[in-house]
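One chain follows as structure tokens, the form predicted alone.
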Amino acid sequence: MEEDILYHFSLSTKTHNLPEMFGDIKFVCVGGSANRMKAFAQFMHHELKLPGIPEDIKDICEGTDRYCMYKVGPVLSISHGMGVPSISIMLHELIKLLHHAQCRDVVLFRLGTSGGVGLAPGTVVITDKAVDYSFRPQFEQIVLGKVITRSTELDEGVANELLQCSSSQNIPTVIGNTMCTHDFYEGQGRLDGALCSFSHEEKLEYLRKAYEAGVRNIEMESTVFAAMCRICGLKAAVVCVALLNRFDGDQITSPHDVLVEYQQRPQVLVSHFIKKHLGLVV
């Protein structure tokens, strides 16, 4: 095509020199919250000891209110909103951006929060396989009225290296399956939503089945993230902290300062991985 408009990023191959802007990108970190991804970009600016003031970094996507994007050296930090549809749109345009910018050997990370399954709050889960509501490692996409099934296996080497990094950072971390749902309430077996058609005992039975299937946390984006990265040949990892143990309840009751520290754990872990690959730490 003559021009490729990355509409939700407010970028275009005709109006922007994408190789010049993004050609040196080696790591892409995505997360749901715009504020959190801005904070992560500022954190990486400090960790990489780059010139300038971290607070002065600019949102490349300031022409739209859909997503935010910050470039910090070879690191791109992008928000993706909540749920499969929102992250899917972002990923399509991100993968095209990386192609147009002629980026090579890029590693993608999804940084996020989740509900733990049999884990203490604050535990970080590195995803082995992203699974659906039936604990199958697959993502179903409807294309022209037909169901297309794609594998959701993630890069084992990246996952193991992240686990090694967690030891030096003293961050409680496990590798396990991550269940991706279409909803925060009923889809995750919560009893505290506006609608609830099941009992406390039925909820616990479902969580026990999930645990037995290797599920250690629940969120809402991992399957499409894993599937799209895999089919496009991109190394990727999902790194999410558990804010609560779903066997103990549904609502997040930890104090704000505790939650802030929990949410920083995936960022610290991935930043160490990045610095290690850049030769900044041993």
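Just count from 1 along the sequence shown to find any residue number. In this text the structure is predicted, and so the values were computed from the model without any measurement.
Heads up, the form predicted together with another copy of the chain isn't pictured, but that's what we're talking about next.
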item	value
4.5 Å heavy atom contact, Asp248 to another copy of the chain in the predicted complex	no
Heavy atom of Glu186 within 4.5 Å of another copy of the chain in the predicted complex	yes
is_contact(His8, another copy of the chain) in the predicted complex, heavy atom dist at most 4.5 Å	yes
Interface membership of Tyr67, another copy of the chain in the predicted complex, 4.5 Å heavy atom rule	yes
Asp4, Thr113 and Arg150 all contacting another copy of the chain in the predicted complex, non-hydrogen atom within 4.5 Å	yes
Listed residue (Met44, Cys29, Met220, Ala237) with a non-hydrogen atom within 4.5 angstroms of another copy of the chain in the predicted complex	Met220
In the predicted complex, the one of Pro137, Gly176, Gly83, Gly118 near another copy of the chain [non-hydrogen atom within 4.5 angstroms]	Gly83
Partner-proximal stretch of 69-77, 162-170, 91-99, 118-126 relative to another copy of the chain in the predicted complex, 4.5 angstroms, heavy atom	91-99
Interface residues of 190-219 toward another copy of the chain, as seen in the predicted complex [heavy atoms, 4.5 Å]	Asp192, Gly193, Ala194, Leu195, Ser197, Phe198, Glu202, Lys203, Tyr206
